[in-house]
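First, one chain by itself in structure tokens, the form predicted on its own.
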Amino acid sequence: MIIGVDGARDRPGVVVAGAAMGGLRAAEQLRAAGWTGPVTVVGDERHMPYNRPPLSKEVLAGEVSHAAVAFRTRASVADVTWRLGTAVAAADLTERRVTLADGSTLPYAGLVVATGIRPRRLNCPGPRGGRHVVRTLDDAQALRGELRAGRRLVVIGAGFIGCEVAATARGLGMEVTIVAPESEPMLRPLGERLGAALRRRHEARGVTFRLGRTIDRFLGGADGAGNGHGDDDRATGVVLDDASTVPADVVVEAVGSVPNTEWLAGNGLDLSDGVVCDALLRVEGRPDVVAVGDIARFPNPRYDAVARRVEHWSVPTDSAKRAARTLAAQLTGGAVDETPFAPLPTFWSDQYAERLQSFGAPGLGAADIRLLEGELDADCVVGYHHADGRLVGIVALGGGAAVAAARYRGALAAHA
């Protein structure tokens, strides 16, 4: 599906590879940075860009259309061409050309890498039917059709998506079990104590946890687990590494993500974890290629010089603004702003009537976690400190007061 007209097909412009939030923000910010040439945004989904956080909550809890979660398209990108429903399949960074899955090619003067991530899938024996992931609107709508009161849901993974899906399913009256290898839910971003506090909140609402366990295989109808479907190709439960079983009518795999970098292979890039960028978001220093969103691995001088990917909702917008300025200056011959990109990452997660709100990089302060306000089993604010004592992250859990306190402390930390 092609939406919009370049009006300048005889000259290369900017190709934005990826049509999710990062691609949309990149197109908007290119215009804001003064680039007036052609922009073509390419994406594998058939939908125009939409907001992903509601997918594991509102979309699963009720019938939500694309229109309800779609981002508003600004007038500044009315002349952008959208190539939807066909992915970028390959790129030649030397020849400045990308090839799409439909076989067509697009030359470019500048390239924005915004292909993001996809859900990791478990490679375990057993049937494939009845096993879901939650990344796209189509994923969420397919899962929504299976969530009904009284059914049994097994969620594999206790991170953001796993915990949010569990909370939504409990709200729909489902029987929910979370299986994960960690000792507590959301252990990596929250740490042991706050993760335990989150677990207790879920348990109080009826969620069962099987922590410290992994999946050995999936049961099918022929195993006699008995979900009533009579379909040997549909998962009816899981067998854990201790040989115990958990029956299921529906399974959600929420076991992490994989950066969509395969199309960049053959260009001599380090693709071991996303794409490596410099402090101006240029891909390995290339002046005509930048990256945005959760595929970009960049150093953040706010913390240290280590390049990391950040899978938070704020990063596509923040990185698009910086990358667009870098690329537009290169393409127009303007002065490149050499100020290093140094965002303050933020994330939130709504589970039941409570919110997790984070500012900074709590994972970098996991060795020194301190309760700053409140009580862990009520509203609380927790601080995460670097080995040198610096406050590098703040997380609130609870109601509005805790979130407001975290936001205030996060603002102070941003200017420290």
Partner chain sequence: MRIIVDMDRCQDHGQCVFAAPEVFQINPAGRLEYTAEPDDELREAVEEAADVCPLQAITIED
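All values reported here derive from a predicted model rather than from experimental measurement. Numbering follows the first chain given and starts at 1.
Keep in mind that the form predicted in complex with the partner chain is missing from the display, and what follows is about it.
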property	result
The partner chain in the predicted complex: contacted by all of Arg188, Tyr303 and His312, heavy atom 4.5 Å	no
Non-hydrogen atom contact Gln29 with the partner chain in the predicted complex at 4.5 angstroms	yes
The partner chain contact in the predicted complex: Arg46, any heavy atom under 4.5 Å	no
The partner chain contact in the predicted complex: Thr36, any heavy atom under 4.5 Å	no
4.5 Å heavy atom contact, Glu58 and the partner chain in the predicted complex	yes
Which of 156 to 164, 70 to 78, 103 to 111, 125 to 133 lines the interface with the partner chain in the predicted complex (heavy atom within 4.5 Å)	70 to 78
Partner-contacting position among Asn260, Gln330, Thr317, Thr177 - heavy atom within 4.5 Å of the partner chain in the predicted complex	Thr317
Heavy atom within 4.5 Å of the partner chain in the predicted complex - the one residue of Asp368, Asp350, Glu373, Asp377 that qualifies	Asp350
Stretch 328 to 360 - residues with a heavy atom within 4.5 Å of the partner chain in the predicted complex	Thr346, Trp348, Asp350, Arg355, Gln357, Phe359
